[in-house]
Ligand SMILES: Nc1ncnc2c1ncn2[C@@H]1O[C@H](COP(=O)(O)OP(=O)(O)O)[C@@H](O)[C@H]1O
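Just one chain is shown here, as structure tokens, and it is the form predicted alone.
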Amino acid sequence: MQSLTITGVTKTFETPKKGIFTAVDNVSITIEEGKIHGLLGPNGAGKSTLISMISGILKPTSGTISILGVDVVAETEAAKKLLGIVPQEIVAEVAFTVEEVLYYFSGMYGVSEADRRVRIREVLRELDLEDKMHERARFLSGGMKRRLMIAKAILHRPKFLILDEPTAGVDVSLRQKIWAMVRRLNAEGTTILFTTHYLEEAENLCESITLIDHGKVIKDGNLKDIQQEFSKNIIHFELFDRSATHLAGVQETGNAYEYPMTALGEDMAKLTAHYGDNLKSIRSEAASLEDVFLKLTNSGV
């Protein structure tokens, strides 16, 4: 089953100066259940507008969005119960303690009275907030407020979780904890839509990505396949015995060798069969996600 299905979604706004502005332009995306999917793009690409439509805050001008088969527009409340979202901006809870904030939100999402206190303790423990539970949320540090927002989003064990720049402005230690939490939640069955401007973060976490620019999808699919598409078509390898007879097309580069690649699997098999145990190392030169991003958007991150 698809966790998220976006079909032909367009969102336009009318502005005093520019008239009709198209923020999202005929976007179609599907995310398989159980995946971590990256939504990437430069500033102003349409990511925030798209997330606002997925979460039911904005209605599409045209097209449809469904979460686990539930239409976000026609069945908004049912769709929201399947969803958890950590927005990019930190929302300050002015009057309440950490525990009170989580108690209120767990009730909103239908967590039973019997389970509420237990679940709050579990989430606070996981995010190292247990000793802050009786403090007023507004007095927390920026990093602690970010943890509280994550806690609010996962209290009801959502089937689909949106993390919009969850590690923006946090220190390295908290970033690692968030990564570990993302992987654990995914292993337990939560599908995750992840946005970030840290492209190495997307490389580490995401199996698939959608890259959008100027409101349009410009690349979508398995991350490794996309990286391979933009890779230099060269296989690098080293040998124990450098006096070996070489295949046609092999070139020496210092202490290693290069072989022009046409089909990765076939060429790897050909080299392995020819050199056998004499192969010290072998690798293809995969493009980084940053390489792909810059080539497709012609912009900085």
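Everything numeric here is computed off the predicted structure, so don't read it as measured data. So that there is no doubt, residue numbering starts at 1 and follows the sequence shown.
Beyond the structure shown, there is the form predicted together with this ligand, which is absent from this document and is the topic of what follows.
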Work out which of the listed stretches, 40-48, 235-243, 265-273, 249-257, brings a heavy atom within 4.5 angstroms of this ligand in the predicted complex.
40-48
Only one of Q88, T76, T97, N222 has a non-hydrogen atom within 4.5 angstroms of this ligand in the predicted complex; which is it?
Q88
Proximity of A23 to this ligand in the predicted complex, heavy atoms at 4.5 Å:
yes
Considering non-hydrogen atoms and a 4.5 Å limit, does this ligand approach S281 in the predicted complex?
no
